[in-house]
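A single chain comes next, written as structure tokens; it is the form predicted on its own.
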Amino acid sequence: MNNNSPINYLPVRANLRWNRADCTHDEVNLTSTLTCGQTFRWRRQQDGAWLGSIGCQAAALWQPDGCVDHFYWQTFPTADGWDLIAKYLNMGINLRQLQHQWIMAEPLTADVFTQHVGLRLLRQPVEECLYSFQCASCNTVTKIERSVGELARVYGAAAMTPWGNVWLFPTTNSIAHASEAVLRTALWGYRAPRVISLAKIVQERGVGWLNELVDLPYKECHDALTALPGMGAKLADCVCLFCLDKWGAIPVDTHVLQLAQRLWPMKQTGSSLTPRVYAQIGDSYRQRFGAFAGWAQQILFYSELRRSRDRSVAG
């Protein structure tokens, strides 16, 4: 899928040597993948490239408008890190095949999966995912992006790119020693002491504890996360799904609940997310979409989110 032949493409940062990855648009749609609510620190530059970081590397991704069979990429400061990009984008997963299976299993979703092709689940660094979603509860996307961005700017290291510095996400140790007052001014508010306390607890578990959760079965992994302060079922499922390869995890919020009720009405769900209803909604997705139900749910969630925004604008 990857073509490592370097190219120079003048309209986007003339001095940057890009690498090309050959794949169809229905396998990788960078815009929907990076803006669907699973990650918060990728920024589209004026020249069309997406700039962000993956662990200890900065990365640039570029899919020109109208491009249907490839995208471009580069990593910094260590160049040509395809393995990093491929792992992050879960390139080993055949998304087209999955979407075909989902449509066959639940024809009512055909329009959504056809409209939102190429939206991939990311395999994010665990630390960034865990602390970012601590900021996500009861917060707007704009504030989450600003808050998480400030956390990285103040406590993360800088990686130089042709667009300027990209701030790498800080380590657990850095967050554990962060100033509560500084975090409060960076829009973390009442979450500031919570995220610092969480980092201290994770730090006590030892180096590698978070990454080792990937080896646990889903329930054990979810239980380990919900045992942490401030980690409810939904946040734990976000971490399970977006970085720990628990692809049957279903983070349930009001959008996911409303979509499930509209597509396949269920008895006695009600309008509030009690633990029973939460489990029932998750099971309804898994029964229909199988082991990769979390991938399907994220696409459906993105569609519902856009539908909600369109109604708001129209109103």
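Model, not experiment: these values are computed from the prediction. Note that residue numbering follows the sequence shown and begins at 1.
The following text describes the form predicted together with the DNA, which does not appear among the structures shown.
Undergrad: Here the chain is shown alone; which of I196, M231, V202, L84 has a heavy atom within 4.5 Å of the DNA in the model of the complex?
TA: Looking at the other structure, the residue within range turns out to be M231.
Undergrad: Quick check on this chain: which one of G55, G37, G290, G52 has a heavy atom within 4.5 Å of the DNA in the model of the complex?
TA: Flagged contact: G37.
Undergrad: Based on heavy atom distances of 4.5 Å or less, which listed stretch (222 to 230, 76 to 84, 156 to 164, 122 to 130) is in contact with the DNA in the model of the complex?
TA: Of the stretches listed, the one contacting the partner is 222 to 230.
Undergrad: Using the partner position in the model of the complex, report whether V141 sits within 4.5 Å of the DNA, counting heavy atoms only.
TA: Yes - in the model of the complex, heavy atoms of V141 and the DNA come within 4.5 Å of each other.
Undergrad: Residue-level question: is D253 within 4.5 Å of the DNA in the model of the complex, judged on heavy atoms?
TA: Within the cut-off, so yes.
Undergrad: Just to confirm, R146 within 4.5 Å of the DNA in the model of the complex by heavy atoms?
TA: Answer yes; at least one heavy atom of R146 falls within 4.5 Å of the DNA in the model of the complex.
Undergrad: Taking heavy atoms only, is L98 within 4.5 angstroms of the DNA in the model of the complex?
TA: Taking the distances in the model of the complex, the answer for L98 is no, it never comes within 4.5 Å of the DNA.
Undergrad: Need the contact residues for 275 to 298: heavy atom within 4.5 Å of the DNA in the model of the complex, sequence order, or none if there are none.
TA: Heavy-atom contacts to the DNA in the model of the complex: P275, R276.
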